[in-house]
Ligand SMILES: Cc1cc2nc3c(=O)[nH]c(=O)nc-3n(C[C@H](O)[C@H](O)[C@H](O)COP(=O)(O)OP(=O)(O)OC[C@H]3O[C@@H](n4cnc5c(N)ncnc54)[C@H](O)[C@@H]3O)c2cc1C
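Below, in structure tokens: the form predicted on its own, a single chain.
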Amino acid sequence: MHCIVVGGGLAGLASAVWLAEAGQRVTVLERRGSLGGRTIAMPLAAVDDVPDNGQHVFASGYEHLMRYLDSVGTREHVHFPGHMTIRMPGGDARRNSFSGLSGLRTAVGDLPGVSGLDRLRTARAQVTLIRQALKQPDWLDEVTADEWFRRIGLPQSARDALWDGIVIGLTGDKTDISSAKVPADLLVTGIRRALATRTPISIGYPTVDLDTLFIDGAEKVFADAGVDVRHRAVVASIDVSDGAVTGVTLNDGERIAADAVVCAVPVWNIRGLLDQVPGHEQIYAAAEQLTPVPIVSVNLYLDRSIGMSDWGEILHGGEGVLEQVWDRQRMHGRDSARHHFYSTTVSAAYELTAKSNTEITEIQMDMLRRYYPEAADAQVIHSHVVRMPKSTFAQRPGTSGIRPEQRTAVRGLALAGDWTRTDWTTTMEGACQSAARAVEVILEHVNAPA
């Protein structure tokens, strides 16, 4: 049967790849001139390089994302070192992991910058936190993560060292904005995945650029399977008749017939596409409540090393200014003869987005010099600021359960995207899990008796 996938981001790519694997005839409609959505590389002629639009990292529990990489033949390009480092102002550093001695130290409240009675308070609060995440109180979605931490008595020093950063890393948003239920649900998902796979929780990274990791292999699959990819194809509506999908209509009036459709557009592009779908009002209302959150990344090409001791380092106390630094020499095995390449990340970067590229670069360099003594005399050869004003979405208190299912009221129509209901929030794994569920819906329809 002819299946249309609307949207060529990660959820759309995974949907198209898996439908093609199942032997279906697939057309991908992408409104932009290239595939990848929010997981792309960005060529820079000034330094003859291809950096990414921000550093993307992987959790060990990313089951569906790894399935996608298996399908496109690039799983070998993801590495899990099992540790990251917390960097303190002045240069002190401590390597952390979630297993072994380091994990035990974390469990008993031994965190950077946490001392005295705060260690005991941290250990006690962390036990309460995990217990309430596993058996959630009714009020958890009524409060922010900030309020949750205060209720359980988590010291500010422990929040600065670990927990506020975990919330920002898991949800993409600040603790005083995100519902407490969001990080709680994600902690439970991580624990369950770790138990199911019998592997400790760890963080990994790609050793190649994002186009090589996500897009090139998909395009090869599409070429081999005869998938038709149409760029600059803007869909105006998904067409429905007698409770079944019949195809789509483009902005220029062209109508494309189809037996099934996967709508895999970002949450902020969904309005108007589903007007013919029963219950679309609830889907649009949910989309309105999932408000966008900005992320700012900077690709810094410096004339020397800043002296990082690990592939990725979290800056203690850097929230909202410069939270994470990535050593792309280590990660990609790069030659540093011409320059040293570092990528920085600031989640929930509400204040930074209004600043100029020059201001953002200066802020980042000032922070690096505070944390890395070897960066004191470093000069910027080239900087590349990446603003993503709609990188993620916020789930505020009271929004639990509003994300729509992949299955719709229309036969042959499924939704996909990290904003639909999954076990994760706005992550690459959430996008791929949504695609897997959407493809299941479509294949049920394809195989159903006429």
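Just count from 1 along the sequence shown to find any residue number. What you see is a predicted model; the values in this text were computed from it and never measured.
Separately, the form predicted in complex with this ligand exists; it is not shown, and the next lines address it.
Of the candidate stretches 377-385, 411-419, 398-406, 42-50, only 411-419 has residues whose heavy atoms lie within 4.5 Å of this ligand in the predicted complex. For the residues Val265, Ala145, Ala348, Ala161, the 4.5 Å heavy atom test against this ligand in the predicted complex is passed only by Val265. The partner is absent here, but in the predicted complex a heavy atom of Ala233, alone among Ile363, Ile256, Ala233, Ala125, sits within 4.5 Å of this ligand. When contacts are defined as a non-hydrogen atom within 4.5 Å, none of Asn96, Pro112 and Met367 contacts this ligand in the predicted complex.
Not displayed here, this ligand is kept clear of Ala20 by more than 4.5 Å at the level of heavy atoms in the predicted complex. At least one heavy atom of Leu10 is located within 4.5 Å of this ligand in the predicted complex. Though the partner is left out of this view, Ala394 does not reach within 4.5 Å of this ligand in the predicted complex, counting heavy atoms only.
For the chain shown alone, Leu186 is not a contact residue for this ligand in the predicted complex, no non-hydrogen atom being within 4.5 angstroms. Of the residues in 50-76, those that come within 4.5 Å of this ligand in the predicted complex through at least one heavy atom are, in sequence order, Asn53, Gly54, Gln55, His56, Val57, Tyr62.
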